[in-house]
Structures are given as structure tokens and as C-alpha cells.
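Here you get one chain, nothing else, as C-alpha cells; it is the form predicted on its own.
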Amino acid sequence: MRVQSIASIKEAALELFAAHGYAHTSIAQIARKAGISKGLMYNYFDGKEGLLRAIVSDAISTGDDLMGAGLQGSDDPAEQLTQLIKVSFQMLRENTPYWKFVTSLAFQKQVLDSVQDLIGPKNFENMMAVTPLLASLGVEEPEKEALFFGAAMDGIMMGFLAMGEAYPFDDMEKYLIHKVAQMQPKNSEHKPIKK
């Protein structure tokens, strides 16, 4: 019951934050949408910011699982990058509404101010996970390439979330995988990444 209530609260809050903005959504509105009393809300969360941080933490945890899934199963850096692309695209396909709501939070200043301490280090950590893969493939300036790779992934995800089926999502997945294949050193003497 508790787990279901918490899930309902988070789902209601995320939808309202996306539709009306974090600043313009009240605890009372969230409780009403979740079908619980306002008082019960405070049994689970200490307030709206605590609820927001829980939602963002869930998204970060999902991202961590995604990174783990992408980096497992192979010591080949190109295969790891390819798998990371595949699981990212699959995650978005399987739960598009959720990621649309989560992404909308990133454009709300008050939200960013409240969770920057969670998001900033995670973005840096993700970049640092991709950088050695690119370095082992012989990519020049792997840190910059990691930032570029992340920006390309973000841009494609945003395009799909904004345009839906009109966006060439599957083609872009294939294109990114093709770009990774082109990173393979001609002599194929890259060093495997140790787990």
C-alpha cells in the first residue's frame, strides 16, 4: 500500500509539474490527483522539494541502470558504446510519456536550482564513463568527444520527444551506431576496457 501510494504521488506530481510547472503546482493539487489526503502526502515526503528530489533521483537511478547495462557484457569499447546507444533508445521507446515529463523538468529554472547538486555530478560521472571508451578507440580529445556524444544523444532524444513519430528516431539510432563503428582504429588494436 505504501509503495503504491508513493508511486501514485510521484506519477501525479510529475504530470502536474510537466503540465503546469513546478512553481505553479501545489501539494494539494498533487494529493488530489494522486487520490490521497494532503496530510498523507507529508507522511511520505517532507514537502514539494523533497518530492521533486525523489522524482529526479528515480530518473538518475534509471540512468545509472542504463549505463550499467550499456557497459556490461563486453570489453570492446565500440561494442560498449553501441550497447549504450541501443539501451538508451529502447528505454525511450518503452516509456516515452515518462521521459517526456522528466525532460520537461529540465527547462524549469526553479527545478534546476533545486536539483543541480544531484544532476551536475551525475552528468560529469556519465561523461567520465564514456571518455575512456573513446580514448581506447584512439579518438582525439576524448573528453570533448564524450561531451559531443552526450549532446548528440540528448538532441536526438529531445527531437523524438518533441516530434514523436515524425522524428526519424530509428534512423538516428542506426546513424549513431554507424558513427561508433567508424571510430574503430584502422589497425583494430584498441585496448579493451577492464571492468
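Sequential numbering from 1, following the sequence displayed. Quantities reported herein were computed from a predicted structural model and do not represent experimental measurements. Under this definition, the rigid core comprises the largest set of C-alpha atoms superposing within 1.5 Å between the forms.
From this point on, the text means the form predicted in complex with another copy of the chain, which you will not see here.
Participant: Hey, in the predicted bound form, is Ala12 touching another copy of the chain, heavy atoms inside 4.5 Å?
Facilitator: Flag for Ala12 set to no.
Participant: Taking another copy of the chain as it sits in the predicted bound form, is Gly50 near enough to touch it, meaning that at least one heavy atom pair lies within 4.5 angstroms?
Facilitator: Contact check for Gly50: no, nothing within 4.5 Å of another copy of the chain in the predicted bound form.
Participant: Is Ala106 close enough to touch another copy of the chain in the predicted bound form, meaning at least one heavy atom pair within 4.5 Å?
Facilitator: Yes.
Participant: When the contact criterion is heavy atoms within 4.5 Å, does Lys144 count as touching another copy of the chain in the predicted bound form?
Facilitator: So Lys144 counts as contacting another copy of the chain.
Participant: Using a 4.5 Å heavy atom cut-off, which stretch among 66-74, 52-60, 164-172, 29-37 contacts another copy of the chain in the predicted bound form?
Facilitator: Correct option: 164-172.
Participant: Which residues, if any, of 4-18 lie within 4.5 Å of another copy of the chain in the predicted bound form when only heavy atoms count?
Facilitator: Result: Ala18 alone.
Participant: Would Tyr42 count as moving between the shown form and the other one, using a Cα shift of 2 angstroms or more after superposing the core as the test?
Facilitator: Result for Tyr42: yes, a 2 Å-plus shift.
Participant: Superposing on the rigid core, does the Cα of Leu105 end up 2 Å or more away between the shown form and the other one?
Facilitator: No, its C-alpha moves less than 2 Å.
Participant: Is it true that Leu176 shifts between the shown form and the other one by 2 Å or more at the Cα, once the core is aligned?
Facilitator: For Leu176, whose C-alpha is compared between the shown form and the other one after core superposition, the shift is less than 2 Å.
Participant: Against the shown form, C-alpha atoms of Ala19 and Leu105 in the predicted bound form: closer or farther, for a change of 3 Å or more?
Facilitator: Here the pair is closer than in the predicted bound form; there, farther apart.
Participant: Given a change of 3 Å or more, say if the Cα atoms of Val130 and Leu112 sit closer or farther in the predicted bound form than in this form.
Facilitator: Relative to the shown form, the pair is farther apart.
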